[in-house]
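Read the single chain below, which is given as structure tokens and is the form predicted alone.
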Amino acid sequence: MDDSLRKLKQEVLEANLELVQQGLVVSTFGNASGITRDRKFVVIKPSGVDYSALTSEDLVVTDLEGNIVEGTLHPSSDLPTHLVIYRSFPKVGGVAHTHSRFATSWAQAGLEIPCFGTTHADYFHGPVPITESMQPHEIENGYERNTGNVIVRRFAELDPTEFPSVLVSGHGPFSWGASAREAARTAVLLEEIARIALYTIHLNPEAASISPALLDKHFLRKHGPQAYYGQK
């Protein structure tokens, strides 16, 4: 195993453990993965392994077709979804999937998360999107792969760098970023945004989205070509 793959396995392990530490994972729900810079190999959590016992040696390495390259355990059952995201979104370097309470509540309600305020706008350039419901034939045959396909269809007119998470209708959230570490961080941010949005409509069911001007200001000052937030 070369040094770059060893480092990626450690990063993916830390991303998975971050989901636990932030309270986004119960039991063995959820998973995080990362892809090598040459985009040949994916490292992902093994299926059904308790996080408390997880080590970097337990992680599974596959190619982009899902063939196991390294590891003795079965990869996460969500691997095909991750692979579709990696093949379709070339700037994505890490993917995180959880069943976190608040984001999953929105997914189960079949609702996108409106952009009610600047906390949301700092990370998403509009509402957090939700996919269409999957059709019976998509569920019965190639379910996990088709979960990825329904995500990609939702992004036909969206930039995944401007919307780094999606809610899969009736299922839960998938988040991504330039690395596994960033994907886990995005999952944490998404859960907080989902929580704030739920409180917002509880306090005021008629709450409206922020103005396009305020949305653009907050998103672009962090992510636009003339971004000035933070340190260079």
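Since the model is a prediction, treat every value here as computed from it, not as a measurement. From 1 onward, residues are counted along the sequence shown.
Just so you know, the form predicted together with a further copy of the same chain exists too; it's not on screen, but the next bit is about it.
Student: Decide whether R221 counts as a contact residue for a further copy of the same chain in the model of the complex under a heavy atom distance cut-off of 4.5 Å.
Tutor: R221 belongs to the contact set for a further copy of the same chain.
Student: Consider W106 of the chain shown here, and say whether it contacts a further copy of the same chain in the model of the complex, taking contact as heavy atoms within 4.5 Å.
Tutor: Result yes; W106 sits at the interface with a further copy of the same chain in the model of the complex.
Student: Applying a 4.5 Å heavy atom distance criterion, does S211 contact a further copy of the same chain in the model of the complex?
Tutor: Yes.
Student: Is R181 a contact residue for a further copy of the same chain in the model of the complex, using a 4.5 Å heavy atom cut-off?
Tutor: Although a further copy of the same chain is absent here, R181 would stay clear of it in the model of the complex, with no heavy atoms inside 4.5 Å.
Student: If contact means any heavy atom within 4.5 Å, which of 86 to 94, 124 to 132, 150 to 158, 73 to 81 contacts a further copy of the same chain in the model of the complex?
Tutor: Looking at the partner contacts, the answer comes out as 73 to 81.
Student: Check, residue by residue, if R6, R37 and V42 all come within 4.5 Å of a further copy of the same chain in the model of the complex, counting heavy atoms only.
Tutor: Not one of the three qualifies.
Student: Could you run down 95 to 119 and flag each residue that has a heavy atom within 4.5 Å of a further copy of the same chain in the model of the complex?
Tutor: In sequence order, H99, R101, F102, T104, S105, W106, Q108, A109, L111, F116, G117, T118, T119 come within 4.5 Å of the partner.
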